[in-house]
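Okay, so here's just one chain, in structure tokens, the form predicted on its own.
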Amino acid sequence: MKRLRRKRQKAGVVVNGSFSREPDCGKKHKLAEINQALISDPVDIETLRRAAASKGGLLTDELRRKVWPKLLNINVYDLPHKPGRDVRDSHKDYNQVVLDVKRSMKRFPKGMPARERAALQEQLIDIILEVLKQNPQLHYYQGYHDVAVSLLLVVGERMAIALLETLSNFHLRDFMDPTMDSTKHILNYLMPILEQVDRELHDFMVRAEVGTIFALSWLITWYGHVLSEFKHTLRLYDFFLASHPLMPIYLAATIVLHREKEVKQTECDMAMVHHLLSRIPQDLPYELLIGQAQDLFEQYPPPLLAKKAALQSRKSLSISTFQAFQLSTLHQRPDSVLQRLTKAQGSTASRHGLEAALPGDRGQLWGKGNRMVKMAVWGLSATLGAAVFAVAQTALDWGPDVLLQLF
């Protein structure tokens, strides 16, 4: 950990007590850079990725609605249609999706009228089922709705379908296999990262036999399940959308390293250590940790760790397709050109594309983006005292099927 800190001291500058990769030139300068990148032809995707990953992320939901589609190569004038009612007919995952969405009440902004929330929950069900229906190779998992709701709250129903479908086929692909073997493989990268940076901490966790199950919900929901403030979730989504699919596990490593002293002072017992680590503090220095995760990725890239992570022979679909996916994003036209081309083709899609995808006039909520914060905590929790209680609590959160597959 000391090596990592020294590297950041040399590479960055101090901003509000944390390190930044570049001097903070102000939000106005960043806003100008993002807007210029969006109107460049082709779109300057590298600048957009740097903006999403650097201090402050994409700044506003308005910018996210413009930049997120570019990061995922989405044509905003060629979005999926709203799902029909038949999307729910005889779908094998319908009952489980409904149960999970009903439990997602606390993922919606405080003060949202019950009727409005209920309407969004119905949209959330349709979004998930539509993506699964159009992609039969994808398998639903508990926690998938946490990703879907984060997208829905920012970009609206139709855009959320497009974003979620692309994410599911690339960044989240390993989590959507019929079994959890690929998910366990991704989790296996955590301990080798810790071993490279802090061998003492790594060995302590090995002796405690805590494993990596404490980070499961972090990984498969992109932390949406465990963070209480929506602004922090959005900041991480900016970062992950612009990064390699394994970046969430590198961030998990920085969180564990950040809590190094707490971990080492805990009794070397599986239940005790799991209980500590499964509860993410809500006051984490996110910008510092994001920068450290980038440094870890550069110092210890996935190929360096792959041998130790491969406790079983496994090919990650997310990793193997990432380079081709990145290349596919490099030749996008700016939205103004897409709109002109759409009109020239005599299509009505422009009237039903970006405008229809945005979250409309839901009260005054969407005009006041900063009100969508302070989401309630859904942190995984384990009871102190015995390993069986730690596992039991995880079962309550994620369901017995998940644990049966994990063990």
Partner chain sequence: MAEIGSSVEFSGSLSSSALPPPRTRIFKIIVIGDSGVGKTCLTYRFCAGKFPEKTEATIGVDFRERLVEIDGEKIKIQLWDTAGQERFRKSMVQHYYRNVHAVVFVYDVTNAASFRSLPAWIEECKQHALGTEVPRILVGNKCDLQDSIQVGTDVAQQFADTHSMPLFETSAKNPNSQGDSGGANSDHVEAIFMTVAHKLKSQKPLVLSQPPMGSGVTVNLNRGRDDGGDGAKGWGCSSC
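Remember, it's a predicted structure, so these values are computed and weren't measured experimentally. Residue numbers count along the first chain shown, from 1.
What comes next is about the form predicted in complex with its partner chain, which is not displayed.
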Pick from Met180, Leu190, Val256, Leu152: which has a non-hydrogen atom within 4.5 Å of its partner chain in the predicted complex?
-> Met180
Exactly one of Leu304, Leu330, Ala119, Met105 comes within 4.5 Å of its partner chain in the predicted complex through a heavy atom, and that residue is Met105
With its partner chain left out here, work out from 67 to 75, 221 to 229, 159 to 167, 124 to 132 which stretch has heavy atoms within 4.5 Å of it in the predicted complex.
-> 221 to 229
Any non-hydrogen atom of Ser336 within 4.5 angstroms of its partner chain in the predicted complex = no
Do Phe175 and its partner chain share at least one heavy atom pair within 4.5 Å in the predicted complex?
-> yes
Leu79, heavy atom within 4.5 angstroms of its partner chain in the predicted complex | no
is_contact(Ile290, its partner chain) in the predicted complex, heavy atom dist at most 4.5 Å | no
Residues in 64 to 96 that come within 4.5 Å of its partner chain in the predicted complex by at least one heavy atom, in order, are Gln96
